[in-house]
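What follows is a single chain, given as structure tokens, in the form predicted alone.
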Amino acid sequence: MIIKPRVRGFVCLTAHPEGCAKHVEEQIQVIKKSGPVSGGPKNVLIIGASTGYGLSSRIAAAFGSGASTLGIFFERPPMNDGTASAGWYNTAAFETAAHKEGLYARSLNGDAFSDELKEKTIDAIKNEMGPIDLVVYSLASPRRTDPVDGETYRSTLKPIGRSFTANNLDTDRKLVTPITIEPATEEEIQSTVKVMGGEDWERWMEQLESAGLLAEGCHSVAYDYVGPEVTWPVYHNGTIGQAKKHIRDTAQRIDAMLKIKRGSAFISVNKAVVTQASSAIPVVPLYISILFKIMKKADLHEDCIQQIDRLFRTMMYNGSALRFDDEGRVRLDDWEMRPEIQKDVLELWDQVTTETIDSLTDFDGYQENFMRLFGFGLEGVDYDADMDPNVPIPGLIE
């Protein structure tokens, strides 16, 4: 079939297997170009491994440190002559590349929130890997069924306490218009915390520890975002911010558990990048479009893979040490949050309109990054060629 992008809102309904493979290969080359990471992890579990920061973490661990990796995700396989999701093709490409270099790389596709998948994961680690020395928690989901009470909770992206009005970028129609978001109810706040907070991360760590599968010196990291004050009402101080506060509190409890093993757990606050998750957050696509223009001009722009490479290479391993802010977080967003960068962003914020978006922002760069998430717009890929969408994941555990 000829695979073309079909975009609806902040999601592309199709994905290109060859384009996704090219995108993964580009990330692998970023890591290889920087050379090996000494003292890096050897057995890595990535929960949320198929896209964004989770995928980049898997690539960095495997091709920077030669790590064995087990990836957990929930992706759509190809079926009825339709394409798989991008994460499916990303994983197929990653595992194919890893296996060519003799690296262990296997995956489980299913509900990471369920105890059933946790049990399958534990069995795979026991039978094929051995104790884990790095657990990456990079899960993003709109809903979660709690294995304890059986209830399904749904997350919302809303402010708390009062409505919020700000300019918003409709990326489909390339329009900048005001948007008003009504405040969340208490039930919506608590549901968002249940989905996006630290409860599931802690449950993973407790079950791995009970099974004796956390190695001496094991580290665990979850990813966070803070951003500038212009986005705080809907993000940092909104429902998602409450979930992130919960995950930060959770990190302290996991850290105390891992300290006994001479390990640690921490939150890495990363910079704003285009991911499937960030594309869904009101106001954020407009901010990212402005930010990209400013950071590229300052030669400070990083995508997911550069961020994770910097985390592994200059903070976690290679004889380096983690540096924490006053709230105990690692700040990979330090370049984004430089005062001169934020000053330039704020100067443009109120000037951007539908008419000025091309001159004042890097909207084209935003759109290019968005399409690349789904395997489109990569050089060297023939998008008019007939493609077989039925690409298997070579290390998938059924």
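Throughout, we count residues from 1 along the sequence that is shown. These numbers were taken from a predicted model, which means no experiment stands behind them.
Absent from the display: the form predicted in complex with nicotinamide-adenine-dinucleotide (NAD). The rest refers to it.
When nicotinamide-adenine-dinucleotide (NAD) is placed as it is in the predicted complex, which of 147 to 155, 223 to 231, 169 to 177, 96 to 104 ends up with heavy atoms within 4.5 Å of it? Every other range fails; the passing one is 223 to 231.
In the predicted complex, which of the listed residues (Gln242, Gln207, Asn318, Ser141) lies with a heavy atom within 4.5 Å of nicotinamide-adenine-dinucleotide (NAD)? Checking each option against nicotinamide-adenine-dinucleotide (NAD) in the predicted complex, the one that comes within 4.5 Å is Ser141.
Taking 4.5 Å between heavy atoms as the contact cutoff, choose which of Pro183, Gly217, Pro78, Gly110 touches nicotinamide-adenine-dinucleotide (NAD) in the predicted complex. In short, Gly110.
May I ask whether Gly48, Tyr53 and Met196 all come within 4.5 angstroms of nicotinamide-adenine-dinucleotide (NAD) in the predicted complex, judged by heavy atoms? Looking in the predicted complex, the three residues Gly48, Tyr53 and Met196 all sit within 4.5 Å of nicotinamide-adenine-dinucleotide (NAD) (heavy atoms).
Answer for Ala272 alone: is it within 4.5 Å of nicotinamide-adenine-dinucleotide (NAD) in the predicted complex, judged on heavy atom distances? Contact check for Ala272: yes, within 4.5 Å of nicotinamide-adenine-dinucleotide (NAD) in the predicted complex.
Find out whether any non-hydrogen atom of Gln276 is located within 4.5 angstroms of nicotinamide-adenine-dinucleotide (NAD) in the predicted complex, and reply yes or no. It does: once nicotinamide-adenine-dinucleotide (NAD) is placed as it appears in the predicted complex, Gln276 has a heavy atom within 4.5 Å of it.
Verify the contact flag for Tyr235: yes if a non-hydrogen atom of it lies within 4.5 Å of a non-hydrogen atom of nicotinamide-adenine-dinucleotide (NAD) in the predicted complex, no if not. Output for Tyr235 is yes: heavy atoms within 4.5 Å of nicotinamide-adenine-dinucleotide (NAD).
Phe73: touches nicotinamide-adenine-dinucleotide (NAD) in the predicted complex, heavy atom cutoff 4.5 angstroms: Within the cut-off, so yes.
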